[in-house]
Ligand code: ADP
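Next up: a single chain in structure tokens, the form predicted on its own.
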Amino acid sequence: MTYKAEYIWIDGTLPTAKLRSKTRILADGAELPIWGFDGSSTNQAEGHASDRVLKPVSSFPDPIRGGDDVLVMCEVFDIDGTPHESNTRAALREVAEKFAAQESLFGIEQEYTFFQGSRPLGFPEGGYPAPQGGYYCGVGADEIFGRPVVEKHLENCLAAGLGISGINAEVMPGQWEFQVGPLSPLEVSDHLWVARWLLYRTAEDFGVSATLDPKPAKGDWNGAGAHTNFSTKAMREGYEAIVEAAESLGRDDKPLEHIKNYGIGVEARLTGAHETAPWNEYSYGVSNRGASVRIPWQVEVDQKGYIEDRRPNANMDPYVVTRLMVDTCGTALEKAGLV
């Protein structure tokens, strides 16, 4: 007897990487082996030396094929055993280990938009729908588009054992969100990438596509982000650490370092309108969705909890965003003696 293993990896496409996957048939009981692929076809090698290596790092039940089949998240390595330059997970592993004692947790809100042809799902041909307002968390066929795909994606994520914590319709027709976490940095990133793969694969069966474009419709429409909620053990126990973490993200060159690594096209989304702060100005505030970083009102009341970085784009790499936040906030909390 055999089972199917769908090896999933992140390619080298710039400026925004794509997901790739292929199937391997394995004997029942066999461990997941390393595997290879043609890096010259994924922007990860040249043709004269094209072999690249897939190393399994996490696996999940395959909700589409069922049975004993699995989805396998992989890191990409060169044949000499070093992480490929596109392997952003490797750098996160080092930072997560360095600050492991702080017990960082993340919850990521992944927004995305369904397209049918060249238009967002729900946009009429040759025109525009009614202005945004009633679509967010709405109900009814006149305001909600794509719910069957969303519900099937949720079922698939839960069947795969992913840490999905919710879904909701967003502010534009055809725009939705799912949330992953709270989980550790490596876990939340692995789960988010696999959830993205399942989103694309589920949408295939409905004849629609899903995009993480941060500004899928020009004009007076909200963009698509990946608001990133973050806490450490100290932040979950006291408000001083909350303030220090928020302050640290705005010090020195940190705002620019983060922004330039929060997804391509961030300037088009972070305009200061549509519940965003300007991309080139850093701010934080309690219950302020127009700030770069929001401290939820309940956190101020409880004097402990988490912060929400509202700057990451929908197309951000979670391995990069979680690494930056753990490193920046973790370093500051250590220096302030708040660990």
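Numbers for residues come from their place in the sequence shown, where the first is 1. All values reported here derive from a predicted model rather than from experimental measurement.
There is also a form predicted in complex with the ligand; it is not shown, and the following applies to it.
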4.5 angstroms heavy atom contact with the ligand in the predicted complex for Arg52:
no
The ligand contact in the predicted complex: Ser231, any heavy atom under 4.5 Å:
yes
Contact between Ser165 and the ligand in the predicted complex at 4.5 Å, heavy atoms?
yes
Contact with the ligand in the predicted complex for Phe145, defined as at least one heavy atom pair within 4.5 Å: yes or no?
no
In the predicted complex, the residue from Leu105, Ala195, Val150, Ala160 that sits within 4.5 Å of the ligand by heavy atoms:
Leu105
Given that the ligand is left out here, which of Glu177, Asp213, Glu75, Glu187 has a heavy atom within 4.5 Å of it in the predicted complex?
Glu177
Are Gly223, Gly265 and Asp317 jointly within 4.5 Å of the ligand in the predicted complex, each by at least one heavy atom?
no
Only one of 59-67, 27-35, 286-294, 43-51 sits within 4.5 Å of the ligand in the predicted complex by heavy atom distance, namely 286-294
In sequence order, the residues of 308-322 that place a heavy atom within 4.5 Å of the ligand in the predicted complex are Glu308
